[in-house]
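A lone chain, given as structure tokens: the form predicted alone.
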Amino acid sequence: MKFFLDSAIVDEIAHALDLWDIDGVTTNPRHILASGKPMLQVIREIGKLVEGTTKTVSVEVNPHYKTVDEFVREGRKLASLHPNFVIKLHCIEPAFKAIPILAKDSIRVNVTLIFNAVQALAAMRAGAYYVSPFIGWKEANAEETRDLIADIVQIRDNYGFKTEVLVAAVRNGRQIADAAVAGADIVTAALSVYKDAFDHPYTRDGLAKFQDFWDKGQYE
């Protein structure tokens, strides 16, 4: 499974690339706002961090756009900025026509804001490079998510779609594990989520005990 970082903070992304060897980056308007920088500036800076690699950066079109022409025009503009960019289109009807048009220009699309398996199926049929089911939002509203991921993966495998399942809005380690068990290709989460998930009080307690034993022992 690939780990993507959900962020537009350039220093944070650089840190995660260096120490965690993350496989890609996802951004959205909330992350761009948090960066404190204009969108085009910050995504160009992120692009430089992945220069010469196969790591992708998902960048989102204006969420006010609702037509095929708007999706295609903006998708082409953003994709021209860096070869590693994947264009995020929100999961509404015009996206399903825009995806194959962009694909003819070798522009990859990540269909975002997916909340059920039929939305994912429609995006995969259209040729989406990634589909991004949002699970944190659903669980926050007491909706089940593990079966959703498994259903999307099964549908993809049933029909041989090439789309990768990118589980988004991941909030904790349990959700990372659920995505992995269900067979998702990618999870994307904040750096704080990964750090919390890989921490465990028993690991810290065990390390403290081993350090104490080491200090009391003789090793020469």
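Please read all numbers here as calculations on a predicted model, not as lab measurements. In this text, residue numbers run from 1 along the sequence as written.
As for the form predicted together with erythose-4-phosphate (E4P), it is not shown, yet the points below apply to it.
- Figure legend: unbound chain with erythose-4-phosphate (E4P) modelled from its position in the predicted complex by local C-alpha superposition. Site open, with zero ligand atoms within 2.4 Å of backbone or C-beta atoms.
- Distance criterion of 4.5 Å from any heavy atom to erythose-4-phosphate (E4P) in the predicted complex singles out Asn28 from the list Ser35, Thr163, Gln175, Asn28.
- Checked against erythose-4-phosphate (E4P) in the predicted complex, the candidates Arg171, Arg44, Lys66, Lys55 yield a single residue with a heavy atom inside 4.5 Å, and that residue is Arg171.
- Stretch 129 to 137 is the answer when you ask which of 78 to 86, 116 to 124, 129 to 137, 100 to 108 has residues with heavy atoms within 4.5 Å of erythose-4-phosphate (E4P) in the predicted complex.
- Residue Thr188 is the only one in 181 to 220 with at least one heavy atom within 4.5 Å of erythose-4-phosphate (E4P) in the predicted complex.
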